[in-house]
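Okay, so here's just one chain, in structure tokens, the form predicted on its own.
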Amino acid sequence: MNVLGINGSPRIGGNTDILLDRVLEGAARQGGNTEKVILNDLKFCPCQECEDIIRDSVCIIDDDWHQVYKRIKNADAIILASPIFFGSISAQSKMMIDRFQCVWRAKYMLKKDIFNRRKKGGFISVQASARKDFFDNAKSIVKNFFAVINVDYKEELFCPGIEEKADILRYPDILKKAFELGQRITSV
């Protein structure tokens, strides 16, 4: 099983990044082939809502977003990891998701299911506050994204009250949950 971890945090070595690494470690321990994409390292622009989209419904903007698209298409399981910023997912995560508007168009307007194979998915998120509604906001965006690309939302790990860089390392129980999430997402 190919497990793709997508890091939507701008802070490498931070809580979101550490948790995603633990998820991928768990997946690898279960026999999965793992890969991690760091959105902040890529150069891509936000969706331009192009009116002259090519009939195959692949985004016409030529940038690094296509790397993410190909990796998602080839993955069997996807873990999206994003911190909570202003009550929702990070800008990096949202910008990547918005670029899948071309896939939404293909699926719902042109009746072409580009991502015709079902995949498993999970969402992990960290925030400094303890507001459940922030996780709910983020989760609804991720669930909508997963629905467009035929990913079954199977797993989630929400971590409130974690603020300082690498604070998550003080919570071995959460790190264990992340590892176990990776194992579960990889099992048949």
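Don't overthink the numbering: it's just position in the shown sequence, from 1. Computed from a predicted model, the values in this text were never measured in an experiment.
Note that the form predicted together with a small molecule isn't included here; everything after this is about it.
- Between the small molecule and the residues D64, D41, E163, D136, the one pair within 4.5 Å by heavy atoms in the predicted bound form involves E163.
- Residue contact with the small molecule in the predicted bound form: R11 places a heavy atom within 4.5 Å of it.
- The small molecule in the predicted bound form comes within 4.5 Å of no heavy atom belonging to N144.
- I84 belongs to the set of residues with a heavy atom inside 4.5 Å of the small molecule in the predicted bound form.
- When contacts are judged by a 4.5 Å heavy atom cut-off, V126 counts as touching the small molecule in the predicted bound form.
- Across the options 145 to 153, 43 to 51, 126 to 134, 65 to 73, residues that bring heavy atoms within 4.5 Å of the small molecule in the predicted bound form belong to 126 to 134.
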